[in-house]
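There is one chain below, alone, in structure tokens, taken in the form predicted on its own.
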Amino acid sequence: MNLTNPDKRYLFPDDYMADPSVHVFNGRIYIYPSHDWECENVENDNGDQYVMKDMHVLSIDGDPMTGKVTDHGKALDIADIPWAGRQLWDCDCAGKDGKYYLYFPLKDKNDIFRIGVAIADRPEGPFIPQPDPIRGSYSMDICVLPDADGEYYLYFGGLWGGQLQRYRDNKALESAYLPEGAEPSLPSRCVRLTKDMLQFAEEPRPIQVIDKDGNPLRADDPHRFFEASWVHKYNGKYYFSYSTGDSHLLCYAVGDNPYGPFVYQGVILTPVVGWTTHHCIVEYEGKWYLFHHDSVPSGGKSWLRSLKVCPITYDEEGRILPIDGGGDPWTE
């Protein structure tokens, strides 16, 4: 794999933030990250080390590689969410008809992840949460795609601590099940939102990543989906990108509609310093950028991560040139 190594920038060194969702609203870049806190919890596969009890909104003046970053302060607090249990993880924001809708995963009082909605009059908030989570919602890692047809599509799902293995056909299982070996890997989910942006308009659908022969990626494939769905459009195609989890890659696949299927294309980012890799891809003034995080500033603590940005490049066939993440290479 021939890796590129573009200039990279740490965006907000004053605090630990991660899992960026980024959008351009009113000509300005807004970042919706999760907020890491130092804690004494044991680091484990359930993610108990990620306490996350509030979120801030950041914005950038102009070029994301050089512009001033502003922290607009606390936009949502777990204490203000009536159904809250713990762990206010990654989120995403969508604008419609002068309102801004923040979608966030949060464990309820039974320690089950649900997806909530909070509403604001400005992109930076503050956001006022709805009294209950979205009906039928589960798991975590949110991305919202506003499409040309006027519909909004919400993507979600994550394995292990993200609880996706506890569901099949949108119903909770008696016992969690993780595919192994040659079995098809667990897919992300996509669901169209209602016109008022507050509920699912349909049953969530599986978002299958397939190889060039049309076969779903296997559970033992290091490029299979694990978490961190993101969808953007480039030259009329839908690019579904995601984290592979324990192989520590960011990968992408391409499809012709919001539901896929998406044909696997390659790696976007090799491993970073720190266990998790979570990202988004955004266009600003004709250039494309990868927002992500790593744990270099915290000395490698995977639960204290810092926001980062770098430019990305497409070749003439629309392939994303892979970037060196700066961490240890993944090996089987």
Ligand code: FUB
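One-based numbering along the sequence shown. Here the structure is a predicted model, which means the values were calculated and not measured.
One more form of this protein should be noted, the form predicted together with the named molecule, which is absent from this view; the next part is about it.
Under a 4.5 angstroms non-hydrogen atom cutoff, the named molecule in the predicted complex has Trp89 among its neighbouring residues. Under a 4.5 angstroms non-hydrogen atom cutoff, the named molecule in the predicted complex lacks His292 among its neighbouring residues. Proximity of Ser306 to the named molecule in the predicted complex falls outside the 4.5 Å heavy atom cutoff. In the predicted complex, the named molecule sits within 4.5 Å of a heavy atom belonging to Tyr50. The stretch that touches the named molecule in the predicted complex, counting heavy atoms within 4.5 Å, is 226 to 234, out of 70 to 78, 226 to 234, 183 to 191, 92 to 100. None of Met140, Val117, Leu249, Val144 but one reaches within 4.5 angstroms of the named molecule in the predicted complex through a heavy atom, and that residue is Met140. Shown here without the named molecule, the chain has no residue in 206 to 221 lying with a heavy atom within 4.5 Å of that partner in the predicted complex.
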